[in-house]
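Consider the single chain below, provided in structure tokens and representing the form predicted alone.
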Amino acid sequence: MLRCVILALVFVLASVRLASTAEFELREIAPGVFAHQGRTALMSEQNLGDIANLGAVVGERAVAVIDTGGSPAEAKMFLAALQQKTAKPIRYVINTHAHPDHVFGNGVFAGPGVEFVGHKNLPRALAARGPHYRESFRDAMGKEIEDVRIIEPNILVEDRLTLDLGGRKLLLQAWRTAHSDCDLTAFDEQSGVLFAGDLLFLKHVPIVDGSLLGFLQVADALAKIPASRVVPGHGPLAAQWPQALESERAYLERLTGDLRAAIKKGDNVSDAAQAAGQTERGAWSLFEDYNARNATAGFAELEWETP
């Protein structure tokens, strides 16, 4: 009986993993521009950390990959799917920021001739947080965490940088502290597609791991990029630009307004974190997982504002 139960469990786990592999989709959203939409969920062993959007841009001579996913297993599926689309060599791996769901797959893409590109602050962020991320996600990711390699970029972007893929240029821009302190965007002029990383969330509630006010200021600056469509860090692919910013800006403005009112009234951080932004609850997935944390971070930032 025990043997039957064990065999059944093995079959179920294998089925879950196979289902995950079969469901990996890499879409061509414009000629030579590919994107994968991650699930709107928390990272887990079952979903292989596949919760962030990934991308690739193909030039005449080389390919640039934009983020590598939340586990080596996901990255291997991404690489296999990309190799079915093009035989051109991967020259650049661009990390939009330091969070695990965007960088845990880096090791799969490492090899001769591959350059890793990131914000000038990314090496510091990975050095400070990388080991912590590996340990803190061990329970959620199980054995998937064992093969994770934290790889720092060897090409740093202080302000702007253009990557030449051969007949196609990818414009990278580093931003001030906003979603995080190492946010980077990639804009393909040829197609008009902007890869915004986690400076843009759609459906998935935004996450503030840097500066609430900085997030709002960067949203205004992002809107000036002459893109036609955008791939957000999380949420539906290839949204219209800059209209895609509207819902995120509304959430951040509501959170900021509620926190300023709470601070003015004399609320403590705990009460303010529970109440702020609640009118946005119905508009976002994973609201319960992140809103109070966003509000707590925002409170710490806003309480020092000059009245």
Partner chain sequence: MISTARLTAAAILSLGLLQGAAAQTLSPSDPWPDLVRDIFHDRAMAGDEVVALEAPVRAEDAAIVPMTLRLKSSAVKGATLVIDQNPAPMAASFTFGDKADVGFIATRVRVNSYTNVHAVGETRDGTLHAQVKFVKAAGGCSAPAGKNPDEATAHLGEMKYREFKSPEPGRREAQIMIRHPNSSGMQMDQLTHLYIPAHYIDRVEVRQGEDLIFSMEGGISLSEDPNFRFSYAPNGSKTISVEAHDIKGNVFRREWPIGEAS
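Numbering follows the first chain given and starts at 1. Small disclaimer: the values here were computed from a predicted structure and weren't measured.
The following text describes the form predicted together with its partner chain, which does not appear among the structures shown.
- The shortest heavy atom separation between residue 192 and its partner chain in the predicted bound form exceeds 4.5 Å.
- In the predicted bound form, its partner chain sits within 4.5 Å of a heavy atom belonging to residue 296.
- Taking the partner from elsewhere, residue 187 is found to have every heavy atom lying beyond 4.5 Å of its partner chain in the predicted bound form.
- Put simply, residue 210 is close to its partner chain in the predicted bound form: some heavy atom of it is within 4.5 Å.
- Contact annotation: its partner chain lies within 4.5 Å of heavy atoms from the stretch 142 to 150 in the predicted bound form, the single such stretch among 82 to 90, 67 to 75, 142 to 150, 215 to 223.
- Contact with its partner chain in the predicted bound form holds for all three of 128, 132 and 290, each having a heavy atom within 4.5 Å.
- If you take 242 to 266 and check each residue for a heavy atom within 4.5 Å of its partner chain in the predicted bound form, you get 263, 264, 266, in sequence order.
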